[in-house]
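Presented as structure tokens, the chain that follows is alone, the form predicted alone.
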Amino acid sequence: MSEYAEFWRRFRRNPLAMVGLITVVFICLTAIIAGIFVPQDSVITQDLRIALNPPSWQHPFGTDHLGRDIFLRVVYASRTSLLVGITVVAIGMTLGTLLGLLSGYFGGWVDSLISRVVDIMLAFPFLLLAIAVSATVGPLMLDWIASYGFDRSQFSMLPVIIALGFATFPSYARLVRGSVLSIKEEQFVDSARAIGVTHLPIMYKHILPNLFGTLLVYGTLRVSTAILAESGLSFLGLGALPPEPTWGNMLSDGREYLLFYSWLPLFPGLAILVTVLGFNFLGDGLRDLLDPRMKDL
């Protein structure tokens, strides 16, 4: 049996991992289909004649207070959530891996400097740090973009992505540093040094590949954290500019109608719940699969 076949066989034996994989694939396909077949006009056009209509065959999730179809808006907003989640993880993982690799491998003053910066940033709550960066840097960034003639609304998520990526990298840096401290003492690293391999090839070819499993699992789990954080910022009005729909600002719009028109916040909230659970189940399954102690079970 090939290595990939064995990997898939063991993965299928974990029911929650399979549920997570199916959920993530479904959400990704939904986002792709929304980008192709759901025009933006259909999710921002208002029709007050059908405002606050309950779920029906014509509008499966009902309509909001401005007569917009909630189903189409939830589906369309999946693009934003996945874009933010994956991009934030990519930014945080890239920067955190680089700093953690340098810190763990070289040690000394390099380790002390990077570790102190990481410690200071980890002292701030994750979401509070993201709010501070987004609220201060975001307007300046959008003004700078608008000065070149671009539409601010098209880049409204850029400050959120940068803020969350900046707030995320310290956790990656600490994780990678701890792993590098252990890996660099292994015999294959000593052997590479003995035959004259320089620092950069050792880090790139010998240490970094051994971090792949750890980063894959942690990154998968952090996608859900990024989606939750983006929803929180959008709920507070620090995310996408209206009328661009996101799950967070849909929750914010629907909170005033919670008692009498519960479907307004219900369906975007369920979309967040299902997506976060899907990535968490998938990450837990990958963690169990890549744990050497689980291979004989």
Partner chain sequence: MTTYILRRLLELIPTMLGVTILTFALMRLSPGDPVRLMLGPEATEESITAKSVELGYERYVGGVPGTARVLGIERGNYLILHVIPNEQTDFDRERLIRLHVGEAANPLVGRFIEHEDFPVSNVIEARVSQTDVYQIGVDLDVMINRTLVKTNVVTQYFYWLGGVIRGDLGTSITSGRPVTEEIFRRMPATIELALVSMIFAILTGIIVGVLSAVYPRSILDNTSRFIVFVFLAMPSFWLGLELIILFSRNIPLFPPAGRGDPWTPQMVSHLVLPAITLGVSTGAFLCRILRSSMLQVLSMDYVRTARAKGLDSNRVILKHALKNAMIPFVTVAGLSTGALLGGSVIVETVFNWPGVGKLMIDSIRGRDFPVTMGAVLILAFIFVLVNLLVDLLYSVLDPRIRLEGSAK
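The structure displayed is predicted, hence computed values, not measured ones. Residue numbers count along the first chain shown, from 1.
Missing here is the form predicted together with its partner chain; even so, the following discussion is about that form.
Consider the chain as shown here, without its partner, and state which of 90, 110, 140, 194 has a heavy atom within 4.5 Å of its partner chain in the predicted bound form. It is 140 that has a heavy atom within 4.5 Å of the partner.
Contact check in the predicted bound form: 25, 158 and 167 versus its partner chain, with a cutoff of 4.5 Å between any heavy atoms. Do all three pass? So, no: the whole triplet misses its partner chain.
Look up in the predicted bound form whether residue 57 has a non-hydrogen atom within 4.5 angstroms of its partner chain, and give yes or no. Because no heavy atom of residue 57 falls inside 4.5 Å of its partner chain in the predicted bound form, the answer is no.
Residue contact check: residue 32 to its partner chain in the predicted bound form, 4.5 Å heavy atom: Answer no; every heavy atom of residue 32 is more than 4.5 Å from its partner chain in the predicted bound form.
Would residue 10 sit within 4.5 Å of its partner chain in the predicted bound form, counting heavy atoms only? No - in the predicted bound form, heavy atoms of residue 10 and its partner chain never come within 4.5 Å of each other.
If you check in the predicted bound form, is residue 136 within 4.5 Å of its partner chain, heavy atoms only? Yes, residue 136 lies within 4.5 Å of its partner chain in the predicted bound form.
Among 205-213, 82-90, 178-186, 116-124, which stretch has residues with heavy atoms no more than 4.5 Å from its partner chain in the predicted bound form? Stretch with heavy atoms near the partner: 116-124.
Counting only non-hydrogen atoms and a 4.5 Å cut-off, give the residues of 259-282 close to its partner chain in the predicted bound form. Residues within 4.5 Å: 259, 260, 265, 266, 269, 270, 272, 273, 276, 277, 280, 281.
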